[in-house]
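Presented as structure tokens, the chain that follows is alone, the form predicted alone.
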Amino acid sequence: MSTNTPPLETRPVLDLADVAISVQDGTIQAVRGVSLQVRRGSSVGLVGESGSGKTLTCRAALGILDRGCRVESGTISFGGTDVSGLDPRQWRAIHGRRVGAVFQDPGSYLNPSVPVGRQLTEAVRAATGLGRRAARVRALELLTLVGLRGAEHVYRQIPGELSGGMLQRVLIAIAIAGDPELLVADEATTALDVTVQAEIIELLRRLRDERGLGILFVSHDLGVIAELCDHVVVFYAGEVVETGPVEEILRRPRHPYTQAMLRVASLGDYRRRELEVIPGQPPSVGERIAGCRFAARCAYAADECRSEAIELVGIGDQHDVRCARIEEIDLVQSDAWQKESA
């Protein structure tokens, strides 16, 4: 009997196909044409400036868009099943069991007056159906798994007694309590000290490798993405402008915005403080622009860039870019690499 269903090991955990998201009750299209896949044991990074559409895309993938926001078109599939039209009750059956999430400012997601161990135990019970005693044992195991020493002591502490890094580890423990296939980490390291940031990234890398966890990781810093992810999706003003294997993007970025992001990244140096900036400002969310949305800030922009929409096209193995002047920019990059090699 023939079937079109792909083998389980090749099926993406998360598959977004041509997704568009509107805000303000449909009056503004904030994200358009986003496609990406996350597989078990892989990590995909979303990078871009604030307001570029990264978080909206993640929240759509989690089914937690704010009131007034909605997926206008495209499909969001989880494990081969379209989840675009699920209601909140149906999403609750997925959250914690098949997908977990961690966000910036972990303390705001915990009850300040309840010991973190009790909150973790309740998350374990909700995700697994274990009884209270077994869930407590599992909670202690999870606290140890995420690198918290003295799990019994941490279990009894309230959030205010823990550091930001410890709180983020507790949130990660809650996120993986039901042994999910996918973890969404939205700016999960942004507010942390640079040393703690590196430790959290190492923890996420270990969970990915040891548990076969798929990770969708969001950051505004391409350098942080490079430490964890094997594939990167670059957002600008609600569109994907470049996507590909992280090593390829770092070695030879082809879109002017990606090149600019790389110049300002803390690549290889978490403690770098004096970063360059990208001149100019991105367009307002939903602003109508006839051509390339980056043209006003791009040194390579020509008349053709401003007159018509630019499509995302493939230029290599899994490497796509949205740029009308790709050949001219590629020559400039090639010359730069030749000079560096010489």
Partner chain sequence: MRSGVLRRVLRIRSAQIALVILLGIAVLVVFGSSIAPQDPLHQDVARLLQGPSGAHWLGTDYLGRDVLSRLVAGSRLSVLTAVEAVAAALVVGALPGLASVFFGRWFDFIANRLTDAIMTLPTLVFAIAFTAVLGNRMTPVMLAVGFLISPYFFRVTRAAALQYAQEPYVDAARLFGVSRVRVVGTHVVGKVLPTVLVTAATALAGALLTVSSLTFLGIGVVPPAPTWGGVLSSDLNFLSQLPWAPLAPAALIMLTAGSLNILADALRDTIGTSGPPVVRAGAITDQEVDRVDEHPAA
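All of these numbers come straight from a predicted model, not from anything done at the bench. Positions refer to the first chain, counted from 1.
Absent from the display: the form predicted together with its partner chain. The rest refers to it.
Which listed residue (S77, Q119, Q104, Q259) meets the criterion of a heavy atom within 4.5 Å of its partner chain in the model of the complex?
Of the listed residues, the single hit is Q104.
Taking its partner chain in the model of the complex as the reference, which of C58, V285, L36, L312 has a non-hydrogen atom within 4.5 Å?
Spelling it out, the residue with a heavy atom inside the cut-off is V285.
Should A191 be classed as touching its partner chain in the model of the complex when contacts are defined as heavy atoms within 4.5 Å?
Yes, contact at 4.5 Å.
Verify the contact flag for K54: yes if a non-hydrogen atom of it lies within 4.5 Å of a non-hydrogen atom of its partner chain in the model of the complex, no if not.
Within the cut-off, so yes.
I'd like to know if H220 sits close to its partner chain in the model of the complex, meaning any non-hydrogen atom pair within 4.5 angstroms.
Yes, H220 sits close enough to its partner chain in the model of the complex that at least one of its heavy atoms falls within 4.5 Å.
Hey, in the model of the complex, does T27 get a heavy atom within 4.5 angstroms of its partner chain?
Taking the distances in the model of the complex, the answer for T27 is no, it never comes within 4.5 Å of its partner chain.
Only one of 183-191, 92-100, 134-142, 150-158 has heavy atoms within 4.5 Å of its partner chain in the model of the complex; I'd like to know which.
Heavy-atom contact with the partner occurs in 183-191.
With its partner chain taken in the model of the complex, which residues across 120-155 come within 4.5 angstroms through any non-hydrogen atom?
Result: empty, none.
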